[in-house]
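Have a look below at one chain only, the form predicted on its own, in structure tokens format.
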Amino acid sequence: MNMTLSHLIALLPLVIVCVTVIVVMLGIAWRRHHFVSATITTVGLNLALLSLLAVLPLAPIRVTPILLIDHYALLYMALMLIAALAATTLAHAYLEGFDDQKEEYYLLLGCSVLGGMTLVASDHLLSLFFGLELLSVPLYGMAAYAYRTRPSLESGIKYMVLSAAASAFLLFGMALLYAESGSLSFSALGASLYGDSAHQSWLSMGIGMMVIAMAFKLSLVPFHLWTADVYEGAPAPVSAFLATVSKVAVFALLMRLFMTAPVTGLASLHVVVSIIAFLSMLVGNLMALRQDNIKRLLGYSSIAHLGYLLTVVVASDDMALLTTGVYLITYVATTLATFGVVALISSPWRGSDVASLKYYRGLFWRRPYLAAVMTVMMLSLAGIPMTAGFIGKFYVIATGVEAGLWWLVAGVIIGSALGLYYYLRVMVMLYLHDDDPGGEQRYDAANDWVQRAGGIMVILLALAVLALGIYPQPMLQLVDAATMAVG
């Protein structure tokens, strides 16, 4: 196809992120400077975010046969860029005291963001694979960035090995679908064969393998065993990035696949996804009950939350896309602020992150604003009214009720009841008397200038969570406008 000025403008956000990565790389080659690398990354991500406004009037527009830049893609690109900016802010404060090379972190982060942006604009299996690998491969290095500590190195290796296995499933599934349908496009995928009983088994196997690969990336049961170890071992800003940008990109792609590919209408596939959703809700919450490490607790909590959201995939009705957008926005804001508190308490680099719940005992008496932020985030994750988390869970339950998925709705309610216990447990720890005010793993120098930007960011996120919980209408209108044309 011929590239026009409109196509180039549509690609502008991806081009800006790509240029940012190259500039950071050249800066590292010329002269290492942590502040300069972080600033270039921040400026580049902000420019990419602003460039989405220039693309908006052109959407939807097909750029090459494998990329579709529509309002749906632009919504999730914006969400990922905002999350990446937050992760960059946290990383600058976190890595300031790190006694090793710091600048490559921003290089890896930019590449991963580029992969995520490609993924949400994909409506073709080729761009799906390229985007997913570009998203995932830098994450191996980011998870193992503090390689001198055993947990970080272990998390990077585990994620790399298991992710490679998931990629093998993905490629095998894509090969089976192509062999039967002769097409890699979502819209054409299996359209000519759907309903033909002679091909049902191969189509089911192919799409099933792809779902397995994406279930691993989303850490859904029974493909979840890596999650807690990787969340615990990775540096806190990386855990924040992994829990937000990575999950948003893969889930947005999964929803586009289920809403546009005829082959995903197989009844057996929806039964399997329903079982995965229910098990994720149950196992995620039950495992979180036993955790004394806040990063592991959040890892298992994320499994449960993605299980709730998978109810929407099973429904695949008119409310599905709206609910997905609302839930992901509220989940990203809440998760970023939660990991932000962990990162700010753990900075500058002093060995392993401050993740054991005993170190959060009495946080209110040392860092009251961080305790306040953590309190709001725990309430939001629990789905308490007047917080953004309540709006997300309300829409998930409404979607399940509308689709008649009563057992999954019951799973959401039971899981939320279980989650309330361990979220309240964290909250109570924040306000108890501090038995060990001189704990050597703590970092309480709240006036360090490198901490201020991160502190302001988590406070703004907490205010956003409250604002979206009290007045969600602007968010609902934005998501509805972005998703109404998909499917």
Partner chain sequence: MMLPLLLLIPFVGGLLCWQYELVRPNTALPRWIALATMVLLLVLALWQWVTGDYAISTVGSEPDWQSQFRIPWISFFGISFHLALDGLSLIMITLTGLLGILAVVCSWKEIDHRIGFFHLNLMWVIGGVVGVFLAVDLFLFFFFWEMMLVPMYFLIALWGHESEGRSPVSAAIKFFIYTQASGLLMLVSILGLVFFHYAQTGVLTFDYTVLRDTPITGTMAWVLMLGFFIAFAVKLPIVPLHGWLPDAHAQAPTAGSVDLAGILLKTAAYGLLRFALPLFPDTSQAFAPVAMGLGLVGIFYGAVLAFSQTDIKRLIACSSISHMGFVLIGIYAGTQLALQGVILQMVAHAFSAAGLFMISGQLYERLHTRDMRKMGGLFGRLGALPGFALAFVMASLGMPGTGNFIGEFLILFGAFDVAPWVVVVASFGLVLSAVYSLILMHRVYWGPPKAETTIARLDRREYLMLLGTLVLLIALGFYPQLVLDVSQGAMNEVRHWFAVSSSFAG
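Just so it is clear, the model here is predicted, and its values are computed rather than measured. Numbering follows the first chain given and starts at 1.
Not on display, but discussed next: the form predicted together with its partner chain.
Student: Would you kindly say which of L153, L85, L322, M160 lies with a heavy atom within 4.5 Å of its partner chain in the model of the complex?
Tutor: By the 4.5 Å criterion, the partner-contacting residue is L322.
Student: Can you pick out, from I459, L424, L49, V36, the residue that has a heavy atom within 4.5 Å of its partner chain in the model of the complex?
Tutor: Of the candidates I459, L424, L49, V36, L424 is the one lying within 4.5 Å of its partner chain in the model of the complex.
Student: Should L420 be counted as a contact of its partner chain in the model of the complex, where contact means heavy atoms within 4.5 Å?
Tutor: Result yes; L420 sits at the interface with its partner chain in the model of the complex.
Student: Consider S274 of the chain shown here, and say whether it contacts its partner chain in the model of the complex, taking contact as heavy atoms within 4.5 Å.
Tutor: Judged by the heavy-atom cut-off of 4.5 Å, S274 is well away from its partner chain in the model of the complex.
Student: L379: heavy atom within 4.5 Å of its partner chain in the model of the complex?
Tutor: Yes, L379 is a contact residue.
Student: Within 4.5 Å, heavy atoms only: does T375 come near its partner chain in the model of the complex?
Tutor: Contact check for T375: yes, within 4.5 Å of its partner chain in the model of the complex.
Student: Please name which of the stretches 221-229, 207-215, 176-184, 395-403 has residues with heavy atoms lying within 4.5 Å of its partner chain in the model of the complex.
Tutor: So the stretch in question is 395-403.
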